[in-house]
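Before any questions on how it binds or moves, here is one chain, the form predicted on its own, in structure tokens.
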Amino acid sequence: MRRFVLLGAAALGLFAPGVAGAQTPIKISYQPTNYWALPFYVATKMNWWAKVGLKPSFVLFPAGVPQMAAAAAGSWDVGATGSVPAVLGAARFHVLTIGIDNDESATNVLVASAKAYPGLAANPKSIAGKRILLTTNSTVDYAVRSCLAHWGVPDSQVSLVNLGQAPIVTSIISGNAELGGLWAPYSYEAMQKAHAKVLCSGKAAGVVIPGVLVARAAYAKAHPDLVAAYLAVYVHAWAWAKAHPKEAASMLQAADVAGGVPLTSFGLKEEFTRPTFSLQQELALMDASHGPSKLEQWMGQISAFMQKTGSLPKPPATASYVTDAYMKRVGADAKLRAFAESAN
């Protein structure tokens, strides 16, 4: 398992003058091959962690549920994950949501095999009685159930089978499954290798599915400046990617090859259609000065979904774990803000 380490921003005198050269380890968790993991790859290749005094060690997970469970043992300090696991993390393991890594509403999808697609597309309600493979307690679980609700088909009228993303793709390719809930880039693989087609997405069902940046509450409380430095690097990496699309695309391809799910040219084009956010956009989406922020509203809707399905009988109040305090630290520090907003 690969690891990275975050260097404290104090190392460059951003927070504590006179301590240049110090390195403060920090453990970053994420799921490889996700589009929102690109900033970690780019920042490491470009050695940007050192610019804010960070030296990261990366801890990788196949999905969000085991990622959140590992927070209980202090296996990681900060990271990125799906919004559904983040709610579970807040409820069970004191995990804070501190930012948005991308909008993945359109890339959490329900795909149908080439054979099954025409009939289901013509009459979505005919999905009743069918089996759907998906990864439970994930963003794609939320997307699939939202699609069913959009069509007026109760969950009880379909058979939802819990399976990892790679086995779902294998089942569709082999012809053993007609329907699968997939997130990118696994959905692209099913579309390319089995000619599966998207039947519905979270976006089509009318829900917003943000990917989020997270931190263990205890770590964030003890090291707020390091958390802010981590956020500055992440936001800067997206600014750079938007300004250097060819280089970013090349790096995403390399990262996905390393993660075991190579991107085709089709998948590469699709990935870069996802919305990502600047520092000012992050702050605006988390602004709760006039009531619940946009991010709180989105997470609240996800909490309601999880309560309805029984995944989380009593979700925590969004205001108890969604916080802009650390992103505000980036905005309030002149050096961090300049770095986060720079595209170079």
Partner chain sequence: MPGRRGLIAAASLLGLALLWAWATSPFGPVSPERFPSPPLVGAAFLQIATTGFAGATLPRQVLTSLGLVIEGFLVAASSGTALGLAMGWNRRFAAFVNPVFQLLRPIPPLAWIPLVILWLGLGNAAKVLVIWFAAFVPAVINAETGVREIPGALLEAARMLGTPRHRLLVEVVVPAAAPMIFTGLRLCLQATWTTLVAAELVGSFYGLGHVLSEAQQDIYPGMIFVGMAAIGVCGWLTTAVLGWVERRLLGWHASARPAHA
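No experiment lies behind these values; they were computed from the predicted model shown. Positions refer to the first chain, counted from 1.
Below, we turn to the form predicted in complex with its partner chain, even though it does not appear here.
J.: When its partner chain is placed as it is in the model of the complex, are T135, S159 and S311 each within 4.5 Å of it, taking any non-hydrogen atom of the residue?
T.: Per the other structure, all of T135, S159 and S311 touch its partner chain.
J.: Looking at H223, R274, H94, K203, which has any heavy atom no more than 4.5 Å from its partner chain in the model of the complex?
T.: By the 4.5 Å heavy-atom cutoff, the listed residue in contact is H94.
J.: Go through A149, A258, A218, A72 and name the one with a heavy atom inside 4.5 Å of its partner chain in the model of the complex.
T.: Exactly one residue meets the criterion: A72.
J.: Going by a heavy atom distance of 4.5 Å, is T170 a contact of its partner chain in the model of the complex?
T.: Result yes; T170 sits at the interface with its partner chain in the model of the complex.
J.: May I ask you to check whether V65 falls inside a 4.5 Å heavy atom distance of its partner chain in the model of the complex?
T.: Yes, V65 lies within 4.5 Å of its partner chain in the model of the complex.
J.: Wondering, does L252 line up within 4.5 Å of its partner chain in the model of the complex on heavy atoms?
T.: Residue-level check for L252: no, no contact with its partner chain.
J.: In the model of the complex, does L88 have a heavy atom within 4.5 Å of its partner chain?
T.: It does: once its partner chain is placed as it appears in the model of the complex, L88 has a heavy atom within 4.5 Å of it.
J.: Among the candidate stretches 207 to 215, 188 to 196, 244 to 252, 173 to 181, which one is within 4.5 Å of its partner chain in the model of the complex when only heavy atoms are counted?
T.: Correct option: 173 to 181.
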